[in-house]
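Just the one chain here, the form predicted alone, laid out as structure tokens.
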């Protein structure tokens, strides 16, 4: 905005004096908060280990190379279990997320006062807890193994899929819905012929995207006993078998890269 100098000439400034003062005060508060947080972190950090980290990393790298290539014959079933955990977990989550999304969307929920808040609570609660935490809880309930990993991935994915899907439902073209409703169609027919065809591309994209994420998450579930290749990684770490660890990490990297490539191709074909 324009201000005048001593000679009465207009000078354009981005902020007024009050806005500039408030801006610098906010910066000062941010720096103070950062300094306080850094002080707290430094007080609880053993800096000797931090400074010694490069030497330790170099020592582990020396022990881990070259990878133990003959061990790859024992990784076929674990990586297959990991893919199954991700795939089955994604399928189960999609089956459960679809009704939750329709109940959460403003234009399809039966009741905005009662049903919609419950659906939103399901979405928030399943998204707020990490899959590793779900796996730990499920292992305590149903025991260790692949099944616990599948359920953990499924529960974690419900909120993600339902949130994106109900947002897609709320953004549909209402004229198509109104046209089908005008023909005397029932509520289910309106959903089947007026809403579902419009959200199918979004649904397919969400499914593939979440499957890609679940591949990454399922690789570490074995660290807590939920099956998959993470179990082999945990066992190798426990016995300090670094050549095996490096090979497992390479296999995980390859699986993630392949899943990312498949996801990108499928989403590109859909879009």
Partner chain sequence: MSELNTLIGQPWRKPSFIKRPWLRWALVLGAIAYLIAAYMTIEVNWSRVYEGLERGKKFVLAFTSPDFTTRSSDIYEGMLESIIMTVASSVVGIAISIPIALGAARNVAPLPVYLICRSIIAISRALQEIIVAILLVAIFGFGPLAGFLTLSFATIGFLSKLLAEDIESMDRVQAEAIKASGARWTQWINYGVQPQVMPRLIGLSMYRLDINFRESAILGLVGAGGIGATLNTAFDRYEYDTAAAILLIIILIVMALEYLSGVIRARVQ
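All values reported here derive from a predicted model rather than from experimental measurement. Residue numbers count along the first chain shown, from 1.
If you look for the form predicted together with its partner chain, you will not find it shown, but the lines that follow are about it.
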{"query": "Interface residue in the predicted bound form among 118, 185, 142, 95, criterion: non-hydrogen atom within 4.5 angstroms of its partner chain", "finding": "142"}
{"query": "Position in contact with its partner chain when the complex is considered in the predicted bound form, options 103, 146, 155, 172, heavy atoms within 4.5 Å", "finding": "146"}
{"query": "Contact flag, residue 150 vs its partner chain in the predicted bound form, heavy atom cut 4.5 Å", "finding": "yes"}
{"query": "Interface membership of residue 45, its partner chain in the predicted bound form, 4.5 Å heavy atom rule", "finding": "yes"}
{"query": "Close approach of residue 56 to its partner chain in the predicted bound form, 4.5 Å, heavy atom", "finding": "yes"}
{"query": "4.5 Å heavy atom contact, residue 41 to its partner chain in the predicted bound form", "finding": "yes"}
{"query": "Proximity to its partner chain in the predicted bound form (heavy atom, within 4.5 Å), stretch among 193 to 201, 95 to 103, 67 to 75, 108 to 116", "finding": "193 to 201"}
{"query": "Heavy atom within 4.5 Å of its partner chain in the predicted bound form - qualifying residues of 246 to 269", "finding": "249, 252, 253, 256, 260"}
